[in-house]
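Below sits a lone chain in structure tokens, taken as the form predicted on its own.
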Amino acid sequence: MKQYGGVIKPKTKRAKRFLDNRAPKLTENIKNAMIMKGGNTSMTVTQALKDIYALKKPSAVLYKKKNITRPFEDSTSLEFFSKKTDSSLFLFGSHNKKRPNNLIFGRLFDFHVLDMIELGIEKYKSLSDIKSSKCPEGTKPMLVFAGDAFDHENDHKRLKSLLTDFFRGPVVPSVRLAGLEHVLHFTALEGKIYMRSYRSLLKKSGCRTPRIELEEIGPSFDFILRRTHLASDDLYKTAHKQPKALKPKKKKNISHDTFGTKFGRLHMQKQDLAKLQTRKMKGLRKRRGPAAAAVVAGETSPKTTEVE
């Protein structure tokens, strides 16, 4: 590929397809995540990165080599790898005496760091520690957030948005009932965040609706919130801005109630009820000729039946 005046022009069809895939679109590609470890890591952090990579596959890239960087002090290396792999999410693992067993979840906007949240691992169970059948690779999970902190505290609100972005998977129009088998549950309680992974089992219930049971499959984390790097409100609003072509057009004279029922309003001209078509009955017919004149004058009387 050659570059002329800041514009990259492809020389082959393969390069053209590559640039078209990276170009801005109305509906963006699936968000990829890059998972990497720092210069110093522990066995807990290394195994945790592998387990989260197993949950995120195939929309993730796992770096096996160590990357000597500190995201909160210098994020240029993260932005470089993000542009190289076209990833807008990242997970960085490190370990030191001051902050042991450290995980940093983050996301980028326009290949620049938008926000980062640092979580410390206090208790951990890996996928291999929990002996049970696992969900297939690429299964779209159901995300459940429990705790008042996710609705009231600013740091936990951003953490909820970040975890939703990281684990939600591809956007699909519909999912079959049997495909709802993976559940990720996050609980905020007493300053800690508990992450659990379950597999939903559909059991016979004697009726049409199956009975659902949850079986823990791992990994299991007990996190504690540490440092945060949050974007300003203006930048956060800009990152969530949607193009006009994707915004739904407002339809006139259509409204919905609290239950989602659709109501429509029709505008009609004033009707002349004298010309309204009704059911034709013999008794309502207009009489014509001398019979009608006799009825008006009272000369005729209704028919009677003689009774002996």
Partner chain sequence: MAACSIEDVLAKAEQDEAEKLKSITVQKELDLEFDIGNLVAYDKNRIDIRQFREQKKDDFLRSLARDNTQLLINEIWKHPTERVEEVIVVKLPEPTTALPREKPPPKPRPPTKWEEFAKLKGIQKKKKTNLVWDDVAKEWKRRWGYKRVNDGTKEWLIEVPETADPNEDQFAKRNKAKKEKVAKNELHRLRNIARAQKIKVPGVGLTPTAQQSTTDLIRAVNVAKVSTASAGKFQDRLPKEKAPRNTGKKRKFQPVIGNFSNEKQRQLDLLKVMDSKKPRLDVNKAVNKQMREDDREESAAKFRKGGKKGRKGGNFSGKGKGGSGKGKGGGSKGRAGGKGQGPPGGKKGAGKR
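Positions refer to the first chain, counted from 1. These figures come from a predicted structure and were not determined experimentally.
This next part talks about the form predicted together with the partner chain, which is not shown.
Contact with the partner chain in the predicted bound form, judged by any heavy atom within 4.5 Å, is made by just one of P219, P71, G93, P141: P141. Residue in contact with the partner chain in the predicted bound form (any heavy atom within 4.5 Å), chosen from R226, H229, H185, K134: H185. Contact check at 4.5 Å (heavy atoms) against the partner chain in the predicted bound form: none of M43, V113 and E118 pass.
The stretch among 63-71, 260-268, 241-249, 46-54 whose residues place heavy atoms within 4.5 Å of the partner chain in the predicted bound form is 241-249. In the predicted bound form, no heavy atom of R99 sits within 4.5 Å of the partner chain.
Contact check for K84: every heavy atom lies farther than 4.5 Å from the partner chain in the predicted bound form. In the predicted bound form, the partner chain stays beyond 4.5 Å of every heavy atom belonging to L127. Heavy atoms of T209 reach within 4.5 Å of the partner chain in the predicted bound form, making it an interface residue. Contacts of stretch 180-207 with the partner chain in the predicted bound form, defined by any heavy atom lying within 4.5 Å, are made by L180, V183, H185, T187, A188, L189, E190, Y194, R196, Y198, L202, S205, G206, C207, listed in sequence order.
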